[in-house]
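We've got the same protein chain twice here, in two forms, each standing alone as C-alpha cells: structure 1 and structure 2.
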Structure 1
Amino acid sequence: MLGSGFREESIARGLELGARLIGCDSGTTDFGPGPLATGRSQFSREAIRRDTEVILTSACRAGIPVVIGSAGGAGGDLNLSWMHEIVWDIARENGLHFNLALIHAEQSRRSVKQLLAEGRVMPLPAATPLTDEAIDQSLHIVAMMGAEPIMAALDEAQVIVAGRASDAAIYAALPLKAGYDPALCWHAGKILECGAAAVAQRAAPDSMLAVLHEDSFDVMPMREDYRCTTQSIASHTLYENANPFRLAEPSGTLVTQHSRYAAVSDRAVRVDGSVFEPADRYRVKLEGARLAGFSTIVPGGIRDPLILGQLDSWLGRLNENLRERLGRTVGDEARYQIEARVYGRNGVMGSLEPRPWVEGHEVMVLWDVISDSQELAHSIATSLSHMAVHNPIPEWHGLISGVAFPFAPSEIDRGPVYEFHLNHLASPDSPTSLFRTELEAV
C-alpha cells in the first residue's frame, strides 16, 4: 500500500526482470470512513511522497507506465487532488516529464439519485435499500472502478492516478488490454494487490512481481529473503473475500475453486486453472460516508472480583441510572448513544464472541458516547464517569470506587466521527461512464 513503505532495490530488481508496469494501491477501508469523509489520507504526506517518488523516477527511467489506485486513501476528489499535488511536486523536483491521467471516481448526489430513480441501484448484503435522504446525508460518494477506465487511460498516459478502484484492477488492466486470459489477469491482480503480504513470512511491506503466460502466471517476491509458497499464495486468494472461491469484480467473477498452485522454485509459485465468468450486467460498488456525530470516550479498568462476577448487571444498572439522569437534563434519547466495549471479555468481537465471559482478573471498559454535538457528548461522558466510579453492587455497603481511570480527566474528546452508509451496487451506462478522466502533460 502506498505510504506503507518498500525497498527501493526491490523496485529496481523488478525492472531488471522486465516489469512492464508498476502498480500500487493507495486506498483501504481498514481505517474506516474518515479518509472518504474528510479527504485526509491515513498516511502522512511524507510517507506517500517517498513511495511515489521511488515509483515515478523508476518508471520514467524504464519508460513503463504507473498506475496508482484509490488515490489519497479513499479515492474521492479531495483525495485525488491531494495526490495530484504530490505527483507534480515530485516531477518538478526530479525533472520528470510524462503524460498524466487523473481518473475521477467521486459521484454527485444528483447523479446517484438519478441512478436510483431509474432502478439501477441495489444494496449489498446487510445494507438497506438506498433512499434520497441517505444520499443527501452523504459527505462524499465514490464508485469503485473496474479495469476499463484504467485500460482507456493507458492509451493516453504513462502515469495514471485513479480515484476509488478495485485493487486487482490496478494490475489487471494492462494484461487485459494486451489480450491475456481475464482469469489470469484478475487472479494475478488479486495476488499482487497487497504486495509481499502474500509471502510465507513477511517482516515488512515490499514488492511482488507477476509474470503472465498463455495459461498460467508466476508470482515471486522481490526481496531475496522472502519466499512464496503454495499455501501463502492460495491463502491470499481468500483474503478479504466472503466466499473463498468466488471473487466479484465489476465485469464478472473470478472462480478459483479449481485453481492449482505449484512451486516453480523455492521462492516462486505458478497458478493455473482459474476461470472468469463474465457478468450478465456490469455493476460498480458505491461507497458513501456521512457524519455520525461527535464522540467522547471514557476508558476505565475494573479489577474488583465481585463486580466482575456480575458485570452485565453492573453495566445494566449503570445504564439505567444514567439514562434516568439524562432524561431530566438532555431529554430526547435520539440525541445520543452510549456503547460499552468490555476488553478482557468481548471487546473485539462483541456479540460474535464465542466465549462471552470474563476469564482474567481484570477488564477494561471503553465507553463511547456519540451525540449531535461535542459539548453534549462530553457532558454526558462526565456524568457517566462519575456514576461509573461509584456504581454500587449489593455486596458492598456505603460508597465504593469500582473503576480505575488511566487518564485525568477521564473523558477524551475524539471530535467528529463518521460512518459508511452507502454499500450498494450501481449499474452504469458503460464501464467508463461514471469515471471522468483528465489528461495533463507534466
Structure 2
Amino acid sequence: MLGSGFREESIARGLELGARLIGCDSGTTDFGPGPLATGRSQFSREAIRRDTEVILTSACRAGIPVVIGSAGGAGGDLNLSWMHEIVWDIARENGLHFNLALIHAEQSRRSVKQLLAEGRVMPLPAATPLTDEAIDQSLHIVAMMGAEPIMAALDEAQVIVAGRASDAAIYAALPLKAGYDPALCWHAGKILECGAAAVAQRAAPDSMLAVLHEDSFDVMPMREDYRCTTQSIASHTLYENANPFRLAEPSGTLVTQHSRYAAVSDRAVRVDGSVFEPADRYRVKLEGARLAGFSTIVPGGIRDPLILGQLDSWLGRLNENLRERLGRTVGDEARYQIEARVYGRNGVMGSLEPRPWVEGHEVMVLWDVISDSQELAHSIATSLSHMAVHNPIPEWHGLISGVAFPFAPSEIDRGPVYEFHLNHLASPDSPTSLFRTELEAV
C-alpha cells in the first residue's frame, strides 16, 4: 500500500531480478468513507511522497512502467489530483522525465443516474436497489476500473496514475497485454496487491515479485528475511474476500478452487491450476460516500456497582429524560441521533455481541450525537452529559454524580461524518467508457 512503506533495497532487488513493472495500490475502503468523501488520503503527504519517489526514480532508471492504482486513498478526482501534484514534485526535484497517464474514475451524478435509468445498475448482495435520491446525496462516486483502461494507457505512458481501480488490475494489465493466461495474470495480481501480506510472518510492509511462465507463476518476497510458503500464498485468497474461491473482477471471475501451490525454494511458491471465467457482461463496481451528519462524542466512565447492575435501565431512563428535554428545545427528533456505546459490555461488537452484559467492575460509555449541524450536535451533547452525570438510581437518595468524564470539556466535536451508501455494479458501454485518460509529458 502506497504510504505504508517498503525497503528501498527490496525494489532494487526486484529490478536486479528483471522486474518489468512496479505496481502499487494506493487506495482502500479499510479506513472508512472519509478518503472518498473528503478527497484526503489516510496516509500523509510525506509518507506517500517517500514511497512514490523510490518507485519513480527506480523505474526511470530501469526504464520500466509504473502503475499506481486507486490514487490518493480512494481514487476520486480530488485524490487523483493530489497524487498528480506529488508525482510532479518528485519529477521536478529528481529531474525525471516520462509520459504520464492519469486515469479518472470519478463519475458525475448525472452519468450514474443515466446508467440507472438505462437499467444498467444492480445491487450487490445485501444492498438495496440504487435510487436517484441516493445518487443526489453522494459527495463523490467512483467506478472501479478493470485492467482495460490501464492496458490502453500502457501504450502511451510510462507512469500511470489511476483513480479507483481493481487492486489486482494494477499488476494484471501488463501481462494481459503481453498475452499471458488471464488466470495467471489475475491470480498473481491478487497476491501482489497486498505486497508482503502474503508472506508467512510479516514484520513490516514490503514488496513482492511475481514471475509469470506459460502455465504457472512464481511469487517471492523481496526482503531476504521473509518467506512465502505454500500455505501463506494459498491462504492469501482468503484475506479480505468474502468468497475465497471466486474472486470477481470486471471482466470475469478468478476461480481458485483447484489452484495448486508448490514450493520452488524455501522462499518462493509456484502457483498453477487457477481458472478465469470470462463474464457474460462486463461489470464495474460503484462506490459512493455521503454526509451522515456532524458528530459530537462524550466519553464517560462508570464504576458504581449499583449503576452497573442496572445499566440498561439507567441508560433507558437517561434517554427518556433527555428526549423529553430535547422535545422542548430542539423539537423534531429526525434532526438528531444519539447512540450510547458501552465498552465493557458490547462496545466492540455492538449487535453482533453474543454476551451483551457487564462482567467487569467498570465500563466506558461513549455517547455519540449525530445531527444536521455541528452546533446542534454539540448543544445536545452538553445537555446529555449534564443529565447523564446526575441521572439518579433508586438505591441512592439525593443528587449523585454517576459518570466520570475523563476530559474537560467532556464534549468532543468530531466534525462531519460520512457513510458508504453505494454497493452496486454497473454495466458500462465498454470497459473503458467510464474512465477518461489524460496524457502529459513530464
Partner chain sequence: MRKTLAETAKLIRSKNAGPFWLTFDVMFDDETVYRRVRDQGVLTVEVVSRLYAVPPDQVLLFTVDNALAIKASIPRPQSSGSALDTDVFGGQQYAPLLDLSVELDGQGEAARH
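Rigid core: the largest C-alpha set superposing within 1.5 Å between the two forms. Values in this document were obtained by computation on a predicted structure and should not be read as measured data. Along the sequence of structure 1, residues get numbers from 1 upward.
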| field | Of the two forms shown alone, the one predicted in complex with its partner chain | value | 2
| query | Hey, does residue 306 budge by 2 Å or more at the Cα between the two structures once the core is superposed? | reply | yes
| message | My question is whether residue 402 is one of the residues whose C-alpha shifts by 2 Å or more between the two structures, given a fit on the rigid core. | response | yes
| Core aligned, does the CA of residue 392 move at least 2 Å between the two structures? | yes
